[in-house]
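A single chain, nothing else alongside it, follows as structure tokens in the form predicted on its own.
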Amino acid sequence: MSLKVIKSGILDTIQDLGRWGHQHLGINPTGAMDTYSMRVTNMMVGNEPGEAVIEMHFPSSVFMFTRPALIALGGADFSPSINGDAVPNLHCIMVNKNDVLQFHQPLTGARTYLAAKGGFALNKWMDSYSTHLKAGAGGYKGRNLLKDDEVLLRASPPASLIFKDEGFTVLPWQADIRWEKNSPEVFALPGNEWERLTAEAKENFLMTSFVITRQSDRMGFRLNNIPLPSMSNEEVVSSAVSFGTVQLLPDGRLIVLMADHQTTGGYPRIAHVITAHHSKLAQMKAGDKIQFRLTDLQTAEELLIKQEQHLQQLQNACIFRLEEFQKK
């Protein structure tokens, strides 16, 4: 039994935490753009945090469930509904056979995630379920989901959660994802080639709000900025790059590498977005503005620890809530 796509979205794929350990072979990690939201949705239904989910952009696919399932939605708010009735993000939802899930309008964020209790019955490629679009491997047949695709569900929800005489049911608790104060700033560490920027360029980098252009995708966000002058035009030896690396292009423009980034790059790496703010970055879209703020390694580590502690507390709370609810 499965989750059937009855109308395909613009770019909906199977993703997990990524495909690690193969970058020396030129195989990039891929994985979810917003791993924080991905882990939250999995925790809510009692999955391991790294279980595969469906990552969706708007307009998103329309799904029909061919059997009961316990699901959760997290990340961006795309105004989800089941059978035409609005449902909230960050809640567990018990759906029944033939229930239809669809999304109507992007309210906040750029990517939403769907997790199902037990995960999806898929085969791993190089130790990951993530879809590698360029290689045409992993995920669901190595591509985005299309109409009439059926993604098999690995497990049925516990019998105590199935309400046979009712439609879908939203379970009565919500995940609290707030772990730091809301701020528009994206923290970054100076990169290896930070000192190549002129004093004016450094000031512009820190004082300017950079607009994400429409030429952005899962590989990288291109920014529409005033060209940043460099003190040297000397070519850089191709070196390792990562999610969040900010590269200075030859024309002085910037690109921020994202989940499908290449394994190495030959452009100057002027900064790196800290790991704890990858989620904030991933939920931005074309037209949004990025305001960078330089920080230090200690602050970056402290923020990551704080984020991970919140996730651990959230996972413990979700386990407790599901166990208590099944006893009723």
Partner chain sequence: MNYTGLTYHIFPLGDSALTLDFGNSINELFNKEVIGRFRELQKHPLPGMIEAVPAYSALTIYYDLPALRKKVPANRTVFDWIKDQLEERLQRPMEENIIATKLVKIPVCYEEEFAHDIQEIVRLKSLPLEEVIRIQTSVNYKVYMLGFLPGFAYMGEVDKRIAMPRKLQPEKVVKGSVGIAGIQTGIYPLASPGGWQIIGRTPLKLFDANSPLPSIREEASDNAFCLLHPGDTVQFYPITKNDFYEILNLPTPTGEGSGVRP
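Residue numbers count along the first chain shown, from 1. In this text the structure is predicted, and so the values were computed from the model without any measurement.
Below: the form predicted in complex with its partner chain, not depicted.
Heavy atoms of residue 235 reach within 4.5 Å of its partner chain in the predicted complex, making it an interface residue.
When contacts are judged by a 4.5 Å heavy atom cut-off, residue 269 counts as touching its partner chain in the predicted complex.
Within this chain, residue 35 is remote from the site of its partner chain in the predicted complex, having no heavy atom within 4.5 Å. Its partner chain is not drawn, but in the predicted complex it has no heavy atom within 4.5 Å of residue 156. Taken together, 25, 132 and 137 are fully in contact with its partner chain in the predicted complex: each brings a heavy atom within 4.5 Å. Between 236 to 244, 81 to 89, 112 to 120, 94 to 102, the stretch whose residues reach within 4.5 angstroms of its partner chain in the predicted complex through a non-hydrogen atom is 236 to 244.
Among the residues 211, 126, 206, 146, the one placing a heavy atom within 4.5 Å of its partner chain in the predicted complex is 126.
Between its partner chain and the residues 259, 274, 290, 70, the one pair within 4.5 Å by heavy atoms in the predicted complex involves 274. Contacts between stretch 101 to 117 and its partner chain, counted in the predicted complex as any heavy atom lying within 4.5 Å, involve no residue at all.
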